[in-house]
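Okay, here we've got a single chain as structure tokens, the form predicted alone, with questions on binding and movement later.
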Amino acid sequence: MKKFKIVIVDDHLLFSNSLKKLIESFGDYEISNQLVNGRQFVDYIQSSNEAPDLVLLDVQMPVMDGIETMAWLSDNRPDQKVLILSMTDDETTIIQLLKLGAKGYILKDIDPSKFKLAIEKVIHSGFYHSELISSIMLDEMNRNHEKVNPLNEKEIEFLTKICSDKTYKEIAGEMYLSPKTIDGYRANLFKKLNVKSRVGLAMYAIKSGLFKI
């Protein structure tokens, strides 16, 4: 049976080698390459005749980090499936990488069984709904999009601005509203969309087409 090919892009070689052994123990996958930064990966993907089934990408790397690598893929290989594997749970970073086309975002301390599930979901279903990305919100949005309470013009504008690195105070200034009013929009949208974080709001905006990547 043909095995799915995976490329690991991570500058921590001990972690990368351990990850290789773990993935290959799952049986259905083989590691076609291990690279230490985005620059090496770009060179590899440009010279390779066959794209990997999945790229496991770290965020913090020298020379060319995960965000820069995802930006390159967004422009040059938008169909490439990428699962982010990182130490940081920073909301702004997560939103930025999802906007650039990452199909999932997990932390490096993830349980091996959940890690295996994440790989399977990205390869076979196209996206992994991790706790960080609010799976409840995504499932509800996909099943009941038409049932969601209609959003007004200001709420839509607020959602599009959520998909940036601006603070809530800066967003309030751009919308000519008080920070208290913005807090009200955020609280109402949390209830309307059944999400609990800025990442959830941003994912709704991206998935529903309110924000174009």
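Everything numeric in this text was worked out from a predicted model, so none of it was measured. In case it trips you up, residue 1 is the first one in the sequence shown, and so on. Rigid core here is just the name for the largest C-alpha set that superposes within 1.5 Å across the two forms.
Another form, the form predicted together with the DNA, is not on view; read the next lines as being about it.
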Residue-level question: is residue 198 within 4.5 Å of the DNA in the model of the complex, judged on heavy atoms? yes
Does residue 36 reach the DNA in the model of the complex if we count a contact as any heavy atom within 4.5 Å? no
Partner proximity in the model of the complex: residue 43 to the DNA, non-hydrogen atom cutoff 4.5 Å: no
Would residue 156 show up as a contact with the DNA in the model of the complex if we use heavy atoms at 4.5 Å? no
Three-residue site 152, 168 and 183 fully in contact with the DNA in the model of the complex at 4.5 Å by heavy atom: yes
Just one of 24-32, 44-52, 160-168, 61-69 has residues with a heavy atom within 4.5 Å of the DNA in the model of the complex, so point it out. 160-168
Determine, after fitting the two forms on their core, whether residue 192 shows a C-alpha shift of 2 Å or more between the shown form and the other one. yes
Indicate whether residue 35 shows a C-alpha shift of 2 Å or more between the shown form and the other one, with the rigid core used for the fit. no
Large Cα shift (2 Å or above) at residue 23 between the shown form and the other one, core-fitted: no
Quick one: residue 189 and residue 88 C-alpha atoms, closer or farther in the model of the complex compared with this form (3 angstroms or more)? closer
In the model of the complex the CA atoms of residue 116 and residue 200, compared with here and shifted by at least 3 Å, lie farther
